[in-house]
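Coming up is one lone chain in structure tokens, specifically the form predicted alone.
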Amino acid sequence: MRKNILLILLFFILLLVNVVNGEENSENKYKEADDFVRILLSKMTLEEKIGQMNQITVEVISKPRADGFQKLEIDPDKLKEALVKYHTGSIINTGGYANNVDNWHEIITVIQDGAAGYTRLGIPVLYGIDAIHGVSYTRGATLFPQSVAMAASRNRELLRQSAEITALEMRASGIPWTFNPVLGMGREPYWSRLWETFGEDVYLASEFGREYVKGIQGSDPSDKINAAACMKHYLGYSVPKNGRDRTPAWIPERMLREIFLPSFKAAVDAGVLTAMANSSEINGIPVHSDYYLLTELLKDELGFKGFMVSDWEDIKRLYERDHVAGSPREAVKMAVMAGIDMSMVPFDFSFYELLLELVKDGEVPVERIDDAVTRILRVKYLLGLFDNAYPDKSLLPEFASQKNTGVNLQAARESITMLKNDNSVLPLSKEKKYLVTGPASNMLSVLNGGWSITWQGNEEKLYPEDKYTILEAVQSKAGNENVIHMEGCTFEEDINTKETVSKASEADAVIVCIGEPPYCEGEGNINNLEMTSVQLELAAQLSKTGKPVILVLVEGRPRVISKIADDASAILMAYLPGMEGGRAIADILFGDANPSGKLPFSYPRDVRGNTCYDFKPIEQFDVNKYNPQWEFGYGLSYTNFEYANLVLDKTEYKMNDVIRVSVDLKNTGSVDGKETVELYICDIVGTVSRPVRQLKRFQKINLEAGKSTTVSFELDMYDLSFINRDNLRTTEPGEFTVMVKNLEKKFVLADE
């Protein structure tokens, strides 16, 4: 017994030493970087410094092409001009669509050869792309479920693995920087970028944002398998008042700090190297011009050490669109002085020219330039670009490997959320006959969505032929002879609904795949959250046949389906499940995988009046009611889980105590399954009205049929805190409720 205790003590000592060493190594790396950058900065001219702040798109230095699908080639004269005349420090984008690995190697090598050979100091170029759900701009890359689907998995380990694989495949392509994760709260279902978020909950988004940053950057971003993450869009971009992309938000500071800031703080604490500014405005102030948000709050208060890059052309837009600057020159001054460190120009060198004038005229101090350039060069150093900025071909055997594909398939399986299963119609038998229909049934593009091969993700012909659509995956399970396919309709127009309905008589069940076509950013703006009428009609008519109808929802946001939800026998929410989504959906449909996804947002019942799960008491008072189609955290399984014995280690706690909670979980069904145990709290009385419940912990548990386990959590005082009337974070004494599933326990936090 004594020996065991000594071994346990030794383990914890070693663990503590490793943590301390990890922190020391991180500090040492930053010190090395700062020492290196200080010397380099002292050698740079003003022009060279400002060039580091200038970012252009690759089209500016490319040879002309007949169309966007021609091979991208760098024009050496244009490249030399960009590097020598304008000292450009960063290049981005794809030139129209995803390049293959060999093409990326050519592009990156030519650019870095130019930086090394053309320029006086040989500072490497920082190349970045929107690797949103995998390396979405490299042909054949592993494309994972989009972020909102990954949030539905509630699986931190899978999320981190997906980020690690993304980083490795980026580096295998020669690219060290991704513009991800999106850390806005997905609380506006109309917003076209909701699928890029981790959902509506603050804690969930913070946890997944932290894991993603750690997965991309690793413990050492200079390692050849790691890259730089970019948290975006700082801050409050995700809740436009009218639901349309890049339109104004109105967010009081208390709400800004309580709901929208924590996910970014989590990323900063995880060491995120870069950030991108909100493209729109908050409370009438375009964020690209907001000194308080960009400098005082982010850099000074949160301690962000990385650099802030603008979004696409948004410095220009301070003048051209927002009209807060009276000239392009004033727009540049406003943005740089607010805290923008790098300008995504992206089609010209006007930022460089105007900023150079501003510094020479004394309107922008050299100290501000030095701060921005220090931040940029530090990131380049931490990425190891000064040692080797070239593609590493030794990583190619791991690019899109079977191992990576396996992780991708598992991520898609665990993301899919079963919303309904009347009379256990699912799983389906492989021995019966099925009608598969709907506009999402036979396209890979709809499974992936935007930022996939192309910006909008809608070029179906570019998707790999060896990946399964939903139809093809169903055929692989039941056999081609047992599957009838009818299109039924497009997303907007009828094709052959009448004929499709008649074919239902030949099938034992009908799989109706509906949702949204691929879209990204403003191209995805909608005026009506309801699923399009032609798709609703297809499902409604098929339900009238008396055959079991299984709805598969392939969509980036929760489109309202209340008109058809009651008549469907089963409903799967697939989100945008990525390149292995077809296989994963079929695995769930036929019982080769047990669904375990949980909704990362409240699925609305109506097209207006959306309410998030963490609503305030007034929102359920009198005639008000939280009444979604399905609640946040909802999701069914092919087995049943029973919760019992919710226990707190005490009934009264003092400030700074650790609150220990446990609950028993049993799989009472006949098949193995995974269940996410979610712990919520409620601060019963607060000086600012408190939500009726807030998610504070979750664990995903794999439990064999008939087995039980005890799940334990620890809460601290931060979990009980909120932003008070003075816009300061505080923890108030009083009574609290802890909730797990349908179990509740109360405790008191004493006033010391």
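Since the structure is predicted, the reported quantities are computational estimates derived from the model, not experimental observations. One-based numbering along the sequence shown.
One more form of this protein exists, namely the form predicted in complex with alpha-D-glucopyranose; it is left out here, but the text below deals with it.
*Asks:* Let me test this: is every residue among Tyr203, Asp614 and Phe722 within 4.5 Å of alpha-D-glucopyranose in the predicted complex, going by heavy atom positions?
*Replies:* None of them does, since no heavy atom lies within 4.5 Å of the partner.
*Asks:* Between the options Arg193, His87, Lys316, Arg413, which residue brings a heavy atom to within 4.5 Å of alpha-D-glucopyranose in the predicted complex?
*Replies:* The option sitting close enough to the partner is Arg193.
*Asks:* Which of these residues, Asp587, Glu211, Glu516, Asp130, gets a heavy atom within 4.5 Å of alpha-D-glucopyranose in the predicted complex?
*Replies:* Filtering the options by heavy-atom distance leaves Asp130.
*Asks:* Does the 4.5 Å heavy atom contact test between Met344 and alpha-D-glucopyranose in the predicted complex come out positive?
*Replies:* Met344: contacts alpha-D-glucopyranose in the predicted complex.
*Asks:* Taking heavy atoms and a 4.5 Å cut-off, does Tyr468 contact alpha-D-glucopyranose in the predicted complex?
*Replies:* No, Tyr468 is distant from the partner.
*Asks:* Does the 4.5 Å heavy atom contact test between Phe386 and alpha-D-glucopyranose in the predicted complex come out positive?
*Replies:* No.
*Asks:* Check whether Asp649 has any heavy atom within 4.5 Å of a heavy atom of alpha-D-glucopyranose in the predicted complex, and answer yes or no.
*Replies:* Close contact is absent here: in the predicted complex, Asp649 is far from alpha-D-glucopyranose, nothing within 4.5 Å, heavy atoms only.
*Asks:* Which is the contacting stretch out of 425 to 433, 405 to 413, 304 to 312, 79 to 87, given heavy atoms within 4.5 Å of alpha-D-glucopyranose in the predicted complex?
*Replies:* Result for this chain: 304 to 312.
*Asks:* Counting only non-hydrogen atoms and a 4.5 Å cut-off, give the residues of 704 to 737 close to alpha-D-glucopyranose in the predicted complex.
*Replies:* Residues within 4.5 Å: none.
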